[in-house]
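First, one chain by itself in structure tokens, the form predicted alone.
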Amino acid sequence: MYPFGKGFNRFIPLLLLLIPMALYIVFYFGPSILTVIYSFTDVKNLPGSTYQFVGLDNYKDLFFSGNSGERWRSIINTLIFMFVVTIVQNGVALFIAVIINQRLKGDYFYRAVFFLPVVLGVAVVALIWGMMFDPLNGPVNRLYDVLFGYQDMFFGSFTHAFGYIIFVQIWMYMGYSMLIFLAGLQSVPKDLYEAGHIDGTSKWQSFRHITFPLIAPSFTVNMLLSIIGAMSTFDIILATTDGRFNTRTMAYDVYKETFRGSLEMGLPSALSVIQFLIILLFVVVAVRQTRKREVEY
């Protein structure tokens, strides 16, 4: 029976959805459409300013203007950031989730420890690793000196700063991926492992032919979250290097051009559209590839 009754009561669910739908349109869908429109204009971030459509001029400026080399470098950095974070973060998270799923003593404590960086916030994480990577008195530099006789500038290094930002990003969000994998692992029926053990399967064979196919939906979710999160990251870069030392990404460029640039909204809007299309491309490819491995039980 329909739980909301008959007559006008049948429309109660639709009425309840009006407020969240309105909020979504105002704060998400509407600005997204305006961003696409602005990408074809010369609009400025000034109250009352007029604008006109300029066609594809903003897109041409992104890739063929005098500073287009910086744009290409930002795109390359974004792709590197996305690939490394997605692969390493999910690989480490899956490894830790498998270990914790073995019902270790104090497993709830380990879950809390690995998930803690997720709730700390970007400012706190940047402060922590800023002190850890202090080139003068930081403990990591002292450890480098003792073990390897080597010292680094960390977030002040042109060659290594981007790698350390990738490390901090993985450290911060790995716990989130771990919990998703752990939820998937705990949903795998135990009798499948018992049947595999009777058939003489090894631990690796059990993981490859039983565990991994059944946790493929968790893997799909983590892949999507990692790709979207990595491609959209700018806050940790802003808090650590502020885009210096060859650490700029597309998301950081959008932020800089919008809030700290020349007040032109057309160029960062075009860059946002390009960023969205790249994210969409990788998300579609990732979903198609991972869905092939999903198994319903």
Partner chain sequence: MQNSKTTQILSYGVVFLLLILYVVPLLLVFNVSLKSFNEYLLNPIGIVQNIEWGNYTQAWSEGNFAGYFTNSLIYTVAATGLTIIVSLFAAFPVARGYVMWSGFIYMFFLLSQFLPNPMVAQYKLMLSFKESVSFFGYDTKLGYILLKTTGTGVVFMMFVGYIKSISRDLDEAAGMDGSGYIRYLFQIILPLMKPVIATGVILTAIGVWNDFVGPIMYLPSPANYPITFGLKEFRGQYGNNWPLLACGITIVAAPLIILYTFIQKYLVDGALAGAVKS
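Positions refer to the first chain, counted from 1. Just so it is clear, the model here is predicted, and its values are computed rather than measured.
The following text describes the form predicted together with its partner chain, which does not appear among the structures shown.
* To do: Let me know the one among Phe212, Tyr144, Phe83, Phe115 whose heavy atoms come within 4.5 Å of its partner chain in the predicted bound form, would you?
  => Of the candidates Phe212, Tyr144, Phe83, Phe115, Phe115 is the one lying within 4.5 Å of its partner chain in the predicted bound form.
* Can any non-hydrogen atom of Pro217 be found within 4.5 angstroms of its partner chain in the predicted bound form? -> Yes.
* Asked: Does Phe234 reach its partner chain in the predicted bound form, with heavy atoms at most 4.5 Å apart?
  -> Answer yes; at least one heavy atom of Phe234 falls within 4.5 Å of its partner chain in the predicted bound form.
* Taking heavy atoms only, is Gly55 within 4.5 angstroms of its partner chain in the predicted bound form? -> Gly55 lies outside the contact set for its partner chain.
* To do: Answer yes if any heavy atom of Pro139 is within 4.5 Å of a heavy atom of its partner chain in the predicted bound form; otherwise answer no.
  => It does: once its partner chain is placed as it appears in the predicted bound form, Pro139 has a heavy atom within 4.5 Å of it.
* Of 114-152, which residues get within 4.5 Å of its partner chain in the predicted bound form if you count heavy atoms? -> Phe114, Phe115, Leu116, Pro117, Val118, Val119, Leu120, Gly121, Val122, Ala123, Val124, Leu127, Ile128, Trp129, Gly130, Met131, Met132, Asp134, Asn137, Gly138, Pro139, Arg142 sit within 4.5 Å of the partner.
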